[in-house]
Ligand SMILES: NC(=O)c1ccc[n+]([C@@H]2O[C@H](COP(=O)([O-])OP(=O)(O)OC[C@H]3O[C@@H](n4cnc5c(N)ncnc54)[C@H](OP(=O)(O)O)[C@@H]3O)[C@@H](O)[C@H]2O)c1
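There is one chain below, alone, in structure tokens, taken in the form predicted alone.
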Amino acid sequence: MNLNLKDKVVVITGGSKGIGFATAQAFLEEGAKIAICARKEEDLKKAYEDLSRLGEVYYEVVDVTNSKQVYDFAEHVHQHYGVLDVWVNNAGNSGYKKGEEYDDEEIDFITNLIFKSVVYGCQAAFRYMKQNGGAIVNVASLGGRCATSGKASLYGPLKSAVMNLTNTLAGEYAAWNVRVTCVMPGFIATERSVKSVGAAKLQSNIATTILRRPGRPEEIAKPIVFLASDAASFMTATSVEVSGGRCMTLNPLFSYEKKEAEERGESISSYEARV
């Protein structure tokens, strides 16, 4: 399948690590030129060294919660490459609350990082895509479908807002041939996520996932690349879940237990009668 991404200019926010880095790598492998941003210059320099072996890379330190910095970044990318074809809003954080209740500072932090940054990114991209069309891909979360009760209880509602914003802006940008789509990752085993949840929580996540494992960053990167490509030219105002089937069935272990019963020589009808 020809994705027609060769020499396309792709912006990826939060592109120095995890899903963002894997996405940058995947676009480079398709022949695209990329621009990445993150808050820490040290991380960006390391990512640049690794990614530039695959193709052309531009990077800049940007705080995506600062509208001016986002708009300036878009302008600099356009000046550097002369065009802007794809924008991936990937930067984000779970935004845990410190106590039982969120305070004003915590609410502002998580809202700015998860929602406002996507608004700024979409608007920045559209300024330059109005000329030649383009694709915007927002990274939401399975939390947009399944509530995240507890320490990150605002994460899910704000990711739901990102999904709604995706559809809203798809309707606003369509006449200029700008598509807006969204991916909803489940639990992805990045270095940061594995450390933050701990072993017990990781096993709990796996137990509710039909594929019985966490995802890998590249397994989110590939759907993002697809949505940004000509292969998805009739897709807009849609969110694609990439979660391994987490929280989709009340008995996610059923098929595995059934297979084990088969291997023991137990009849399928007697096994299904028991469960």
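Note that the coordinates shown come from a computational prediction; the quantities given were computed from them, not determined experimentally. For every residue, the number given is its place in the sequence shown, counted from 1.
One more form of this protein exists, namely the form predicted together with the ligand; it is left out here, but the text below deals with it.
Here is the short version: of V57, V62, A232, V240, the single residue with a heavy atom within 4.5 Å of the ligand in the model of the complex is V62. Though the ligand is absent from this view, in the model of the complex it lies within 4.5 Å of a heavy atom of just one residue from M129, C122, I188, V77, which is I188. Of the stretches 164-172, 134-142, 77-85, 99-107, only 134-142 has residues with a heavy atom within 4.5 Å of the ligand in the model of the complex.
The shortest heavy atom separation between P252 and the ligand in the model of the complex exceeds 4.5 Å. For V178, no non-hydrogen atom is located within 4.5 Å of the ligand in the model of the complex, even though that partner is not displayed. Residue contact with the ligand in the model of the complex: Y155 places a heavy atom within 4.5 Å of it. At a distance threshold of 4.5 angstroms between non-hydrogen atoms, I34 is out of contact with the ligand in the model of the complex.
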